[in-house]
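A single chain comes next, written as structure tokens; it is the form predicted alone.
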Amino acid sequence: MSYAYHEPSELDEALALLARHGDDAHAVAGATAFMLLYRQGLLRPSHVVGLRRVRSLGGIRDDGGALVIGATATHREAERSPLVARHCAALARAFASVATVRVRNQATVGGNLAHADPAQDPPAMLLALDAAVTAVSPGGTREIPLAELFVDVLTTSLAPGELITAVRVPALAPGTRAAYVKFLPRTADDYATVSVAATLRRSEDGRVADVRVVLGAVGPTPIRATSAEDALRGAAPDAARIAEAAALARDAADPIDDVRGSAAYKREMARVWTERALRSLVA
């Protein structure tokens, strides 16, 4: 491999390396996405900055009811964390859905979000939970809602030299239920044909007080199916209304033809799995 590898122990040192080497530098943590892109010839940096020794980027903690997951926490850590499970069991399931145990032991939460692969599991669930990332650069720190982080396939709104330091998941309103489901065409380490993350909260009269539906793997970014949400909000979530919402989620999907199915098939699967997710939340 023809790059210089740097392994700083402090965040400021990592930021300085990225600033010094500019477009010739690439940050990694677990490096699972990096190695895939490197082997395909899609990424050829001269300098690679490893972040695993920067201790301030790790860990999972509760912050006044919000869940904060450090950027270098692995998917396996998040999957097995009591804090994650207590905050939202569906989020723990989303982390547990990523590929295989071997991959989850290496791949990191921050790296997954920075990679911006729309077929990955955590982004859709985190978007449904209204999460945001904290990003830092030599110019300062900012919070980026996930709805604004993902721009296109493998493209984010992160500025050059900017690093994700953590993802923050706000406390769920009392009574909120969440679900994460996906359809795998082949083996567990394959990409999903479609995934659906959803949250739903009912008012005392049984009507839908709040709902979020996010589709994964059927567009260039995770897709918020706002039309499906609008069809449910304020309504009694009976079978007919859920079917109507699921049909609107199908229309929100923007897939491509590939080995996991035609675009038309994926749209229909988005409807089917959205209906299943919503039914599970009102059962």
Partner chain sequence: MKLAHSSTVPVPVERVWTVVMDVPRAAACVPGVSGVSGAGEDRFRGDLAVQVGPVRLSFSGEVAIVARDDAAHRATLRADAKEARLGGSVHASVEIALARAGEGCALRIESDLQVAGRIGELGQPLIQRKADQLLREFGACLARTAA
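Quantities reported herein were computed from a predicted structural model and do not represent experimental measurements. Residue numbers count along the first chain shown, from 1.
The same protein also exists as the form predicted in complex with the partner chain; that form is not shown, yet it is the one meant from here on.
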Taking 42, 154 and 220 as a possible spot, do all three reach the partner chain in the predicted complex with a heavy atom inside 4.5 Å? yes
Considering non-hydrogen atoms and a 4.5 Å limit, does the partner chain approach residue 10 in the predicted complex? no
Non-hydrogen atom contact residue 66 with the partner chain in the predicted complex at 4.5 angstroms: no
With the partner left out here, check for me: in the predicted complex, does some heavy atom of residue 25 sit within 4.5 Å of the partner chain? yes
Heavy atom of residue 236 within 4.5 Å of the partner chain in the predicted complex: no
Would you point out which of 225-233, 66-74, 42-50, 239-247 contains residues with a non-hydrogen atom within 4.5 Å of the partner chain in the predicted complex? 42-50
